[in-house]
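Given next, in structure tokens, is a single chain: the form predicted on its own.
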Amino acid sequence: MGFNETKYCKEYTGFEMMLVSACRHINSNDIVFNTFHWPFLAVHMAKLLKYPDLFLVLEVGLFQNELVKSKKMPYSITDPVLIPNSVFTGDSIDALSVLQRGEITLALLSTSIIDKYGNCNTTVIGPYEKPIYRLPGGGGATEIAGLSKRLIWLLDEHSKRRLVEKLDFITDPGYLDGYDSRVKAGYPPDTGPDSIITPLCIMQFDSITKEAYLDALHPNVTIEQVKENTEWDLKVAKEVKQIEPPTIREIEICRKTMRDAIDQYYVLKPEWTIYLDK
């Protein structure tokens, strides 16, 4: 193997590939609205892998530009370990005002259910007035989805029940009904979803219709597999990209982050963690 040749990992899960792909979408000059759950892991990976001084804004009002000194995974965005590393400590109004001013260049959000226009439901399954299930709600995600310059949705299961034709309820706005409906609703024209990253693939949004389409496949995944597990008739790019597997370094950092998350009481499905002890 040549000196500059990249070494790739041969064994990894779709969940790990989703986190690695999300981490790769983060740029050094981004101002990131850092949110809890899987985005928290992807951002932590980006800091460990490549951008230790990445600038973060947390919903509780913390502004950071360096790794947590202990390098330990915080248990949430309210973990006190985050405060000593903050260049400013305020409250949610301070954090959300940065969103309102249009200064957030990237936000990552995890979601329960998403439709073809990038709208998200974390509120109810079934009718709002008499739901089958009531979900935890959006928290600050509605504002983040409405005002971030670039939004990436992370979906940890690629299935028809999670990628649906029509939502029972819109908690967080994507492109609403497609085309210019988002702008007509009053959202800034330079905001909106950029992509949906799942264990199988990356979807992006058509510049005119605003409908999600298959842009890139994770390794060892087929177009048919993605389409079969998406409820709507998913459109496909003329040339679907093939995403590179995780590098050895990426997977090492990914698994370290996952172990740290488990230590901090994150719940990870057994099928996501099968390689953690290797």
Partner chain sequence: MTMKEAIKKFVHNNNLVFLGGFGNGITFSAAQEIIRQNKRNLSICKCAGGILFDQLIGAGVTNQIITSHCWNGIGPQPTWNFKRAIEEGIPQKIIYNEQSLFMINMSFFAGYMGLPFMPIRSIVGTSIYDHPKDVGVKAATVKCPFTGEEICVVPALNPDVGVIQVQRADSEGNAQMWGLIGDTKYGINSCKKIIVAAEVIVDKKVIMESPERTIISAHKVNAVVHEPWGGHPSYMQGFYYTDLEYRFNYTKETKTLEDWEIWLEKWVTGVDNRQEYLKVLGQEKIKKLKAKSIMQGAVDYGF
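Residue numbers count along the first chain shown, from 1. Model, not experiment: these values are computed from the prediction.
Just so you know, the form predicted together with the partner chain exists too; it's not on screen, but the next bit is about it.
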With heavy atoms only and a cut-off of 4.5 Å, decide whether Ile83 touches the partner chain in the model of the complex.
yes
Considering non-hydrogen atoms and a 4.5 Å limit, does the partner chain approach Leu106 in the model of the complex?
no
Tell me, yes or no, whether Arg161 is in contact with the partner chain in the model of the complex, where a contact means a heavy atom of each within 4.5 Å.
no
Indicate whether Ile253 is a 4.5 Å heavy atom neighbour of the partner chain in the model of the complex.
no
When you measure heavy atoms, are Glu59, Tyr128 and Thr142 every one within 4.5 angstroms of the partner chain in the model of the complex?
yes
To test your reading of this chain, name the stretch in 35-43, 215-223, 244-252, 230-238 whose heavy atoms come within 4.5 Å of the partner chain in the model of the complex.
35-43
